[in-house]
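Take a look at this single chain in structure tokens; it is the form predicted on its own.
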């Protein structure tokens, strides 16, 4: 029986791998690295650097595979993602079937944590449901950019009596300012924080968290928004991509301090 591991590797810094992740990597026969469109070469490089840092090169092999570009579906975002994942499932099925021997262990190195805004877990479940190829699988959790963000800004993720909302820039568009208390935002290609610039809200922002290019900014949103927009523009222009995470947080009132 073949076995697949989804290994969370954190936000890119090899120091953030857990001991469980490293121990699991040492068992793996073949690592599958999926290549996206241009602009993601750095993600591939970081994965290979992690392997070289922790493993003996002669104990494993690496198989690269191209995955299709996601095609926009203006009518349904869910259908767009569903179709794309099914296409990825076909690629992964072929890898497991043709690039692994029976009894071997394969792995995908997942940015952050496999359970948070990553589709590989659902893709593996889809493949098994379709019955195209048989395998066992296990998830190894990883440190997320959310944890790194809170650590860098030296803030707790929760304050007394508050819940935490974790969402995306696309979903944040549906929020009104009065719904923001303590909101973590990922995958915001739209700079949706701009919609709250006139509200009494603080922002704790981080780009390329955990990497040598890490950028941090915090303060009252309406006071620093122009600086933040400039930083994001310059970062995208320099690297052609930007992965950022931020927290929108309403300042504590008297009740929160009791």
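Positions refer to the first chain, counted from 1. Everything numeric in this text was worked out from a predicted model, so none of it was measured.
Below, we turn to the form predicted in complex with a small molecule, even though it does not appear here.
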Please determine, with the chain shown alone, which of 74-82, 152-160, 183-191, 101-109 has non-hydrogen atoms within 4.5 Å of the small molecule in the predicted complex. 183-191
With the partner left out here, check for me: in the predicted complex, does some heavy atom of residue 243 sit within 4.5 Å of the small molecule? yes
In the predicted complex, is there a heavy atom of the small molecule that lies within 4.5 Å of any heavy atom of residue 139, even though the partner is absent here? no
Using 4.5 Å between non-hydrogen atoms, is residue 116 touching the small molecule in the predicted complex? yes
Using heavy atoms and a 4.5 Å limit, would one call residue 208 a contact residue for the small molecule in the predicted complex? yes
